[in-house]
Structures are given as C-alpha cells and as structure tokens.
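A single chain, nothing else alongside it, follows as structure tokens in the form predicted alone.
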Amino acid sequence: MASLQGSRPPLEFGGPLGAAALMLLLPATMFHLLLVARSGPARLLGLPPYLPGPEVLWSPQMLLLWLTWLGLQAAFYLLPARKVAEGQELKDKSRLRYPINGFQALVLTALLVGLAVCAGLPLGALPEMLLPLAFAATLTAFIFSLLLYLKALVAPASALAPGGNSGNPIYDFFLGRELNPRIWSFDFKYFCELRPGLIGWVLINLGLLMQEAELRGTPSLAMWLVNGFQLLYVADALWHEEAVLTTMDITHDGFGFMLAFGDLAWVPFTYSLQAQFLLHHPQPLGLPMASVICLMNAVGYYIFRGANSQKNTFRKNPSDPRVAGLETIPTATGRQLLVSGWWGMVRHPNYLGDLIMALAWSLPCGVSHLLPYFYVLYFTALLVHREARDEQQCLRKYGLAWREYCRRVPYRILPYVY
C-alpha cells in the first residue's frame, strides 16, 4: 500500500479541503461578479447590492434554454468534420480520434442567431437572463460531474487520469477520475473544452452590445472593442482547435467539476465581465486611446499565436521548414525541447501573449473601477499556478533535460521579471 501511495502524484489545489473550498468559492465568485457588475458602485471587493432569492435564480425556462444550447452545440459536434485528428498516445498505446469542427460550429451558430434575430428574437434581452442561466449552468456542472464520477468507477485503470484518483471522493470529484470520458465517439471533455462556453461567451457579449444599442441608440466604441477582441480570441481558438489536443487539460487532467464548471459556467459568465460592466457603466473612449489599445491587443495576439503555432508545428513535424532550424535539447523520452525561437525567450511565451490581450480587453473600461480588471488578476493567478503545475510535470517527465532547459531559459513568463 505504501508503494502504491508513493507512486501517486502529489495532491494539488490544497488537497480535499482546498477542492471543497474551491467548489464553493468559484460559483460564489461568479455570482458575486454578475451582481456587482450591474450595481451602481460596481465594487469588486464590496458586498453585492442584494442576495438573489430562489425565485430569481431558479427558472425552469432558463434551464430548458441552457439544455437546448448544449444540445445544439452537441448536434454541431456530431456533424461531419473538416478533419479528424488523433490525440496523444495513451497508457495503452492507443490514440483517440477527435472531430475538428469547432470553427464550423461557431459559423453555424452565427448563421442561426442571425436568422433568429432577423425573425424577431430579442437577443438584447439576454443580459436580463444571466443570473438564472448561470444558476442553470452551475447546477448542470454539478450533476454532470457526479455522473462523470460514477462513470469513472467502472472505467478500466488504463482510462483513469494521473491525478484524480487519490481515493478521496471530494478531491477526485473535483479533479476528475477519468481522463477521456466518452460514450461511443462523443468525447465529453473535448466537447466542453472549447464549444458551449466559448461560443456562449461571444453570444452573451453580443446580447450586451445589442441591449446597449437599445438603451443608448448605438453601441459605444468601448463595447465594440471588447466584443471584437474577444470574438477574435474565440474564433482563433476554434480555428486552431486541434492545438487543444496537446494541452494539459486534455493530456493530463481528468474531467471532473474543475473543468466541467470552468468550461460550462465560469467561462461564459465571468469572461463576459467587461461587456457586462460597460452596459451598466458606459465609459468614454477616444480614437487615440482606442488605437493604442488595439495595438496592444495585436501585439499580445501576435505573441500568443506565434508561440502556439511554433510549438504545434514542431510537435507535429520537427522537420517542417518553419521549425527545422530551431535549437533543441534532446530528452530521455525521445522528444526534443525547443530552446530557441519563441520558446527560447521565456518558457511560456503563449501565456505572456494571453496576459497582454487580457489587459487590452480591460482598458476600454477605463481606470475608475477595479472590477473590469478582475479577469487580468484572475488570469495572472491562473497562469502562474498552471505554469507551476506544468513545470513539475515536465521535471518528472524530462528530468535533467528540463533542468538544462530552465538553465538556458531562466524566465518563466515575463522576460527579466518572472
């Protein structure tokens, strides 16, 4: 028994107590943000103006609307894909196959929404539905996570995730026991990772923009920028959907409450915070400042996309002319570590680009309130924590080669700072 325990990876997120706290704290934070964004003071650290009762949160119609949204995205997932990609090699040496049709789902959703708006769908009413919709998404995430946990109890050992099998039910429920839970070819984690939440995020943003147009005659420049920046980010993620197959979420983390709640509830209802803030607290924005913010977003996107594309090209084919000249460090696993190009600048250049874009999304909201900058603060903490988890995994996997890489590339995210 001692050797079995010793073979398990160390517990993350503070173990069972930390997992339990996060399962309460994350939904509470999401609802706090939804409430204060529409309040007059809009204080990030202040109390919400009121606590909504069950009659405000619970709505069978909103639950039905939310389940219809999930069903629509599931139907798009099942459509013929422009490409079918193979994932990373699993414990049993097999590789799962994934449809690459997320961008197709985004386009089809846009067409459907456009037709519905032309037919009279009041999309501008969506902002008034955010609280009951967020409650429906949270309830769905809890029930879904429970079903995933029960499904994992009968899964073979080869299908289990490295970290979500501590033996503690609370911790395993949070982190996820099964690595790639599927029914036939439908992969639940892969489906949730990019589709319902990300596409829902831009749809909520659009609803906020349309309500602002109804209230003030035209959307503000700040609202246009936030919508445009975040639509570009989502469209890019779905266009490069195959890249998600090499991320920690897919290759290492089980599918439990952490990812289910994050994908289905946290992303659409908290990532739309800047647009929510602007609807209730319009901010003046001149063209000179807007141009500077656009330039900042473009720089962040250039770093983010360049780093990710370089990594994915190298992983798929190290002999590709675009990456063949880059310097590498050989590892005992047979894989090579990039030590030049974007990945010779810092260890996680994609995170640097992500953070620059996050700041650009918040600046249109002005500097009078801290609330719109919650995303920057949260995302910084998330990426620093994620980077630390990634470092530990790479050290276990690559050993001395990883130490050499860290010696050659001493900065983690921000050159000469961190």
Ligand SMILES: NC(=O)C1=CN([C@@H]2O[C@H](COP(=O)(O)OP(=O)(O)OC[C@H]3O[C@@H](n4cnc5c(N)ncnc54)[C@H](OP(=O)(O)O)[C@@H]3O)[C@@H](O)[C@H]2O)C=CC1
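If you're wondering where the values come from, they're calculated on a predicted model, not measured in any experiment. In case it trips you up, residue 1 is the first one in the sequence shown, and so on.
Absent from the display: the form predicted together with this ligand. The rest refers to it.
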Taking the shortest heavy atom distance, is residue 233 within 4.5 Å of this ligand in the model of the complex?
yes
Please run the contact check for residue 338 against this ligand in the model of the complex: heavy atoms, 4.5 angstroms, yes or no?
yes
Could you confirm whether residue 351 comes within 4.5 Å of this ligand in the model of the complex, counting heavy atoms only?
yes
Within a 4.5 Å heavy atom cut-off, is residue 308 in contact with this ligand in the model of the complex?
yes
Give me the residue from 271, 190, 277, 135 that has a heavy atom within 4.5 Å of this ligand in the model of the complex.
271
Considering this ligand in the model of the complex, which of 103, 77, 343, 171 comes within 4.5 Å of it through any heavy atom?
343
Based on heavy atom distances of at most 4.5 Å to this ligand in the model of the complex, which listed stretch, 363-371, 63-71, 36-44, 378-386, is the contact stretch?
378-386
So which residues in 183-212, when you check this ligand in the model of the complex, have a heavy atom no farther than 4.5 Å from it?
none
